[in-house]
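A lone chain, given as structure tokens: the form predicted on its own.
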Amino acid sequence: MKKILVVEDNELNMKLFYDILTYQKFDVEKALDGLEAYEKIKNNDYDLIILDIQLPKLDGFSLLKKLNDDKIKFPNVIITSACAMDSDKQKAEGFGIKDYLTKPIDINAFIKTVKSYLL
């Protein structure tokens, strides 16, 4: 079973992502902030990360930078954000991230994007 880490501080968004992904038969773990996500990524193997940008303790881009700086290998990442700023999309591309989904998400597009990495 493919293992996904969802990094999201909003309870409703987390529940939505969790419910969608578990319904699709993925093994889902949760992190509520960037520091918790860092520790989980450092100590576990994931097949995919769903990452919010605006997070407490360590935002999504700072998390990615810290992982790179510490040479911690991480899988493909799908960014989810309420902000659809071109500068954020360019930052994501700088980390090699191709998929940047804006919230509220289109559920069908979200499932299709996740499956494109895992199936």
Partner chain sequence: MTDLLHKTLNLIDDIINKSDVKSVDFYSDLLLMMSSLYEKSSLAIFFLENTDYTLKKAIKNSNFTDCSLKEKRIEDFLESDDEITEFTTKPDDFFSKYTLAIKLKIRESVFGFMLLSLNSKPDDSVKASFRAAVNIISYKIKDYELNDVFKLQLKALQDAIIEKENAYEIIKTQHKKLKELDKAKSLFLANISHELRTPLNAIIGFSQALDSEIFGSLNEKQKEYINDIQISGLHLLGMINEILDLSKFEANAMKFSPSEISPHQSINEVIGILEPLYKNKNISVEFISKYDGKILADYQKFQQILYNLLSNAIKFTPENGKIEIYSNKDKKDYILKIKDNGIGIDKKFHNKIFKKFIHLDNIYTKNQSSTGLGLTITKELVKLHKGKITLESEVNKGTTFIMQFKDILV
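Residue numbers count along the first chain shown, from 1. Computed from a prediction, not measured in an experiment: that's the story for all the values here.
Just so it is clear, the following notes concern the form predicted in complex with its partner chain, a form of the same protein that is not shown.
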Original post:
Closest heavy atom of I97 to its partner chain in the predicted complex, within 4.5 Å or not?
Top reply: no
**OP:** Determine whether any heavy atom of N43 comes within 4.5 Å of a heavy atom of its partner chain in the predicted complex, and answer yes or no.
**Re:** no
**OP:** Answer for D86 alone: is it within 4.5 Å of its partner chain in the predicted complex, judged on heavy atom distances?
**Re:** yes
**OP:** Although its partner chain is absent from this view, report whether L35 comes within 4.5 Å of it in the predicted complex, heavy atoms only.
**Re:** no
**OP:** Residue by residue through 10-42, tell me which have a non-hydrogen atom within 4.5 angstroms of its partner chain in the predicted complex.
**Re:** N10, L12, N13, K15, L16, F17, D19, I20, Y23
